[in-house]
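So this first bit is one chain, no partners, the form predicted alone, shown in structure tokens.
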């Protein structure tokens, strides 16, 4: 320690300065937090004033609009595109398996859709690129007995979706988000995207799509979450 910092008056002055700097820093953080909430409130109000083509409000009840997609956990799988395999099987005439290059060759589409999480946040206009589940189903040739789709993912995770909803034009297996390759926290190398159901149905780290005759509640559905998961009906829990 130098003689200068041993001066009691100077020490008190430095202490006051440090206290003011810490307080100011906290004020800035609080101000930023308040600003983010203000932006979220504005986006939520604007989006709630909008109506979808089907007549429903754009933002489901109980949701708050945010600007950035949240990863929301999950057990990661192998993120390597080189090692990727997607199995399409079940109630189909011609089951098959695709590597990543074969999946991309299926005819990619880009879709903008809103994302609604059961925890209460919504992200608007998420941009996804991938292949529709409908295209994958058409290649496999659905049996007349198929009624549901089971998305299979790493670590045994599954999510069940009614067939008619899984075959919508905006339901897909996506490998790009926002014009960039899907990052591991968001399910790399590919994930399911089911925009009109709560986001847990959009299984990350996807490994298979299985068409079934009888419904099979998935990971969260067997743990108390709603089996259907319609955000506009607030079907959050069973």
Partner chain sequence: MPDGGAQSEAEAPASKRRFKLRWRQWLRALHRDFGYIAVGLTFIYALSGLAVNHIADWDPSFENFEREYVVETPLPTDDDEAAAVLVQRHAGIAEAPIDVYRVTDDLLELTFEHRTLHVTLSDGKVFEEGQEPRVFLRAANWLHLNRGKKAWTWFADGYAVVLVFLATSGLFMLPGRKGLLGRGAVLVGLGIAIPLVYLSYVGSP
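Numbering follows the first chain given and starts at 1. This one's a predicted model, so the numbers in the text were calculated from it and none came from an experiment.
In what follows, reference is made to the form predicted in complex with the partner chain, a form of this protein that is not presented.
**Student:** State the residue from 110, 94, 144, 80 whose non-hydrogen atoms include one within 4.5 Å of the partner chain in the predicted complex.
**Tutor:** Going through each option in turn, the one that passes is 80.
**Student:** Of the options 57, 185, 208, 178, which one has a non-hydrogen atom that comes within 4.5 Å of the partner chain in the predicted complex?
**Tutor:** Looking at 57, 185, 208, 178 one by one, just 185 meets the 4.5 Å heavy-atom criterion.
**Student:** Against the partner chain in the predicted complex, would residue 158 count as a contact residue? Criterion: heavy atoms within 4.5 Å.
**Tutor:** No, no contact at 4.5 Å.
**Student:** Although the partner isn't part of this model, could you tell me whether residue 124 comes within 4.5 Å of the partner chain in the predicted complex, counting any heavy atom of the residue?
**Tutor:** It does not: once the partner chain is placed as it appears in the predicted complex, residue 124 has no heavy atom within 4.5 Å of it.
**Student:** My question is simply whether residue 90 lines the interface with the partner chain in the predicted complex - judged by any non-hydrogen atom within 4.5 Å.
**Tutor:** Outside the cut-off, so no.
**Student:** So, in the predicted complex, is residue 70 in contact with the partner chain at a 4.5 angstroms heavy atom limit?
**Tutor:** Heavy-atom contact with the partner chain at 4.5 Å: present for residue 70.
**Student:** Run the contact test on 75, 100 and 223 with a 4.5 Å heavy atom cut-off to the partner chain in the predicted complex and return yes or no.
**Tutor:** Yes.
**Student:** Choose one stretch from 144-152, 101-109, 164-172, 126-134: the one whose residues place a heavy atom within 4.5 angstroms of the partner chain in the predicted complex.
**Tutor:** Looking at the partner contacts, the answer comes out as 101-109.
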